[in-house]
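Okay, here we've got a single chain as structure tokens, the form predicted on its own, with questions on binding and movement later.
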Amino acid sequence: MVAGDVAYVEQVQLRDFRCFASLDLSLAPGVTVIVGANGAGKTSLLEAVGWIARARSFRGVTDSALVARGSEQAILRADVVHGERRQLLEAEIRATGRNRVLLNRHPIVRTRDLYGLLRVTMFAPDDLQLVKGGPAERREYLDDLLGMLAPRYDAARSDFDRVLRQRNALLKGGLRDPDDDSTLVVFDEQLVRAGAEIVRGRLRLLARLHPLIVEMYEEVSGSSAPLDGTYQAEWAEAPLHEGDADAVDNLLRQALVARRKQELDRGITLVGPHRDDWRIVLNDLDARAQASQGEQRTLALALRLAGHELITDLSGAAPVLLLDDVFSELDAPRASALIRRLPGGQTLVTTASAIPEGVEPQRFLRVAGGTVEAE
């Protein structure tokens, strides 16, 4: 049974969302298995549930891509149950212009006002990019976890993105008069304030995550291996750790002064968390470049499991877990390790083939041709 304080999605209604012209779907509070051929729309169902939590696609696509071809908007409605409380999310996701989102019939102005309604963690075949991809993949992983833990990190991220755009525009145009110099000073302090909040959050998060990642890697791989990670910032002389959190503001300020001429010459901001990386080291080697694909896949799964475990521990309830055709990419030991870690909360599993052994669904859905049928 699901604990009373666990939030889950009870009902989803879609109209002109991806391939679904019209859909009214009930989901189980436990495990729902969604079966269908590749391209049938299984991932789109998970995408709709993910949108409820973050007001954006976990695939990283624009909202306009969620709207069915030929339509001006997609409609998403969802009933979210949290203990004895029920909340209604209604969204008009528009092909052009601003979306309209209501929570319990009241308009939502800021995306972060939705956070806390539902927490969602996602496992997908392209999770391998967390390890072998560029720094942006790992920054996104950390920042998404931070956003689930505390809305202030999403606020800091929004503030940083805004000042980064403004500062880059100013640098690109050049400092033509004293007013521009004064404006840059203001932007510098705004960048330090928001950027330092993000970096401090990442450092503290990594300190909590590390032992969980080691534990999950050993469980999934069936063996232990030296596993470490370093937070690398071009604006700091050495890798940063949790103990450096209080010094981040000054480090950023000093770097902005030191690289001012270089930034003006290039017309772009070179200092800040938008360029940082979390370098993962396995067996004393850079996992991105020198780990085997099997090790990289095991490590990617360990990262997702550790993030899910941490959110569960700190929030007191398991997030909704979305497993998008991940079992097709896992061998039997890794699949078994993942199944053993399935939480007590809501889990949605998509598959194009047989249900993995050990998965016990409360609800079984089949997707084909833009329709969903219960079996």
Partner chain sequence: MALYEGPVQNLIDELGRLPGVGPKSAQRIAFYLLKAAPEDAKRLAQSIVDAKDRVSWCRRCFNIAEGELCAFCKDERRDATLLCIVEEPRDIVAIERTAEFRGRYHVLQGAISPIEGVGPDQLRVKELLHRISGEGVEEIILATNPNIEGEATAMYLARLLKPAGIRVTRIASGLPVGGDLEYADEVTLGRAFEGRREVDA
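Because the structure is predicted, anything quoted here is derived from the model rather than measured. Numbering follows the first chain given and starts at 1.
FYI, the form predicted together with the partner chain isn't displayed, but the following is about it.
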### R110, D179 and F187 each touching the partner chain in the model of the complex (heavy atom, 4.5 Å)
yes
The one residue among L170, L227, L117, A236 placing a heavy atom within 4.5 Å of the partner chain in the model of the complex is L170
From L303, V163, L145, L252: within 4.5 Å of the partner chain in the model of the complex by heavy atoms is V163
*May I ask you to check whether D159 falls inside a 4.5 Å heavy atom distance of the partner chain in the model of the complex?*
yes
(message) Whether A155 contacts the partner chain in the model of the complex should be assessed with a 4.5 Å heavy atom distance threshold; does it?
(response) yes
Close approach of Q232 to the partner chain in the model of the complex, 4.5 Å, heavy atom:
no
- Spell out, yes or no, whether the shortest heavy atom distance between P151 and the partner chain in the model of the complex is within 4.5 Å. yes
Note: the partner chain not shown here; in the model of the complex, the stretch from 283-291, 99-107, 189-197, 75-83 having heavy atoms within 4.5 Å of it is 189-197
